[in-house]
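Below sits a lone chain in structure tokens, taken as the form predicted on its own.
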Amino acid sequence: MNIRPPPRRVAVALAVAALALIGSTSHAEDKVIRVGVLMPISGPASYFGVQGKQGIELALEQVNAGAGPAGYKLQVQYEDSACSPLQATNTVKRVLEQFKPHIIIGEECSDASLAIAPILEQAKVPLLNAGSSAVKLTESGYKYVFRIFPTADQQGTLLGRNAYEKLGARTAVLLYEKTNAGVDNADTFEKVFTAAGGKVLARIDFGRDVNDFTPIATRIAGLGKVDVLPTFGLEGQTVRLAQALAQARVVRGGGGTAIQMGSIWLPWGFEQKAGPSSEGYIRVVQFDPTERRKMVTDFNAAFRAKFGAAETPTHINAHAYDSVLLVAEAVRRGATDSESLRDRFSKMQGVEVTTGRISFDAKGQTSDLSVIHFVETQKDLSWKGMAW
């Protein structure tokens, strides 16, 4: 059978149609916002990665439902930055080259976040940070760094002021991890507390390789009357530190009088791990799952439906979830690439998320202190919200 070629005008029409189809398919495929997520999946801070991924996965299901925000899908690639400046640096360089993200969410640890910020600034890729408190992150003049986590200044100022005014504390011993975040938190507390008239009896720092806190607790027990113990460290070490302080009869959980205080380092569930030693512990939390705000109760219900009816979301689950919501909100407002994401973030004011309301200032730092809540651990290891 002889098959004649189509007339020229038909061939041209077919070619145009084919190109239009290819263009349409390409356009559909291009409607993706690539999100690189750097988090500690290994090492002593790996609980950040586990809980952060849960929050992100839940948010992705919701924002990608149907056509997604403004017809876009969010595509996520997880990477282990191990809470380490060196690994985070190597990882972000590889991600930029291979995945070509429009935005990076991460890191949880301040030292790692400080290491990757200048790299992303040079690449002009926004960094949306949810878990680092070092002041330098948003005080270094970066134009592509945005943080929804309260700084050490914001947290430490309230801790120091409330210790003196609300608790009537006059003496303190500072306990802190020897990192940028640990030092910043301790410095701010000391500045505010001493300016009010309080006295810091000792500053005791420790590295992440310390597991036995008995010598530190014994030293504190010999200092005389200590009213408050501001503590800034990762969960595992803080559990052991609280237990050592209780064994030395320094803190309320061990029959002492000192009150341990802390900032946003410890997730929901810390009390169950520390046991009775945590009684009376007062700390700042970024997310209070007992809050009755509708966005919180809806998030709690969705989290339990996905991960188990007995599960309670932590602040790490929540701020990771919020990070995805904010990216989606920027896309709804017209963001399509790195530059427009940066532009939309810079204009966000009063955006409600599970942790509070986000209002970015000119430095990219959330200035709304609704993301700070105070809770006290009760004898039965439950939380009591405090109107501070």
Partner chain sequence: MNDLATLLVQQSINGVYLGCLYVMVALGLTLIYGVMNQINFAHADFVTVGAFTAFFVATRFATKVLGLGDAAAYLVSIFVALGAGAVLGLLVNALVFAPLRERGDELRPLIATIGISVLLENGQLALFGPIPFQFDSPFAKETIRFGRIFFTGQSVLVVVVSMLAIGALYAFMKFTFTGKALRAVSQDRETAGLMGINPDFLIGLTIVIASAMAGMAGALIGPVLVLTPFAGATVIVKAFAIVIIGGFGNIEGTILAGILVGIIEAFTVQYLGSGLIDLVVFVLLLVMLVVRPTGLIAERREENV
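What you are looking at is a predicted structure, and each value in this text was computed from that prediction instead of being measured. Residue numbers count along the first chain shown, from 1.
There is another form of the same protein, the form predicted together with its partner chain; it is not shown, and what comes next is about it.
With the partner omitted here, the residue from R249, R170, K136, K191 that has a non-hydrogen atom within 4.5 angstroms of its partner chain in the predicted complex is R249. The partner is absent here, but in the predicted complex a heavy atom of S46, alone among N64, S46, S359, T336, sits within 4.5 Å of its partner chain. The candidate site formed by I204, T218 and V239 is fully in contact with its partner chain in the predicted complex, as each residue has a non-hydrogen atom within 4.5 angstroms of it. Note on the interface: of 230 to 238, 70 to 78, 297 to 305, 148 to 156, the segment with non-hydrogen atoms within 4.5 angstroms of its partner chain in the predicted complex is 230 to 238. Not displayed here, its partner chain is approached by S42 to within 4.5 Å at the level of heavy atoms in the predicted complex. In the predicted complex, at least one heavy atom of D212 sits within 4.5 Å of its partner chain. Interface residue remark: K273 is counted as part of the site for its partner chain in the predicted complex, having a heavy atom within 4.5 Å. Contact annotation for V50: at least one heavy atom lies within 4.5 Å of its partner chain in the predicted complex.
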